[in-house]
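Shown here is one chain on its own, the form predicted on its own, set out as structure tokens.
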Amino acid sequence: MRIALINENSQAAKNNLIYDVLCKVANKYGDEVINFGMFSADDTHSLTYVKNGLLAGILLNTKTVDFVVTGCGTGEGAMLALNSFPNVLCGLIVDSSDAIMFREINDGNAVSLPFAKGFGWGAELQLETIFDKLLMTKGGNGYPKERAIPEKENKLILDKVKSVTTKDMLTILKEIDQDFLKSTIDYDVFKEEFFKNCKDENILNYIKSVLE
């Protein structure tokens, strides 16, 4: 599984810590982590939680990555931003029980964490436990076991509902403010990973035209 880490500006100083812990756990399960920044508080390419949502929407809809880890101060803003896009199901993860139940019940492809709220001593230990619970399962098994069948059915229903209530990603990219789109995607790591791994030719060509 290819996992994208995306940090927004208010929590950019914690990127190295989060990346190191995520890589430690991902390596254990044979997963790959791609760091999309922000890489530090002084990073010249600034990302807001709204931009994180757009990046996640592009990366997941084109299968450039399989899973996104992001967040903000409380985790709420990033979670809302990601869930505004089609084919993105993002959970707010505060502790390890959130992590395992979100993966098993909701079978989402993105998580948002509160990187300021309660992020003090032992934060890296809490992160490691959360990431371990996220990655130890492929997800979608249902929880608890006696609820497995209805939980799986509800997830499929939710996916169908969202397909009706959201536009497709290419239409969104064409209708969204083009300056906002370009300011979100015009940086080296995104361009390198996207153009190398994007699986949607139509979106790839449109992104290329925006960047020209």
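What you see is a predicted model, and the numbers here were worked out from it, not measured in a lab. Position 1 is the first residue in the sequence shown; the rest follow in order.
Separately, the form predicted together with a further copy of the same chain exists; it is not shown, and the next lines address it.
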Q) Taking 4.5 angstroms as the cut-off for heavy atoms, does residue 163 touch a further copy of the same chain in the predicted bound form? A) yes
Q) Are any of the heavy atoms in residue 106 no more than 4.5 Å from a heavy atom of a further copy of the same chain in the predicted bound form? A) yes
Q.
Against a further copy of the same chain in the predicted bound form, would residue 92 count as a contact residue? Criterion: heavy atoms within 4.5 Å.
A. yes
**Q.** Heavy atom of residue 149 within 4.5 Å of a further copy of the same chain in the predicted bound form
**A.** no
**Q.** Segment assignment from 61-69, 24-32, 37-45, 153-161: heavy atom within 4.5 Å of a further copy of the same chain in the predicted bound form
**A.** 153-161
Q. Which of the residues spanning 70-100 lie within 4.5 Å of a further copy of the same chain in the predicted bound form, based on heavy atoms?
A. 74, 76, 77, 79, 80, 81, 83, 84, 85, 89, 90, 91, 92, 93, 95, 97, 98
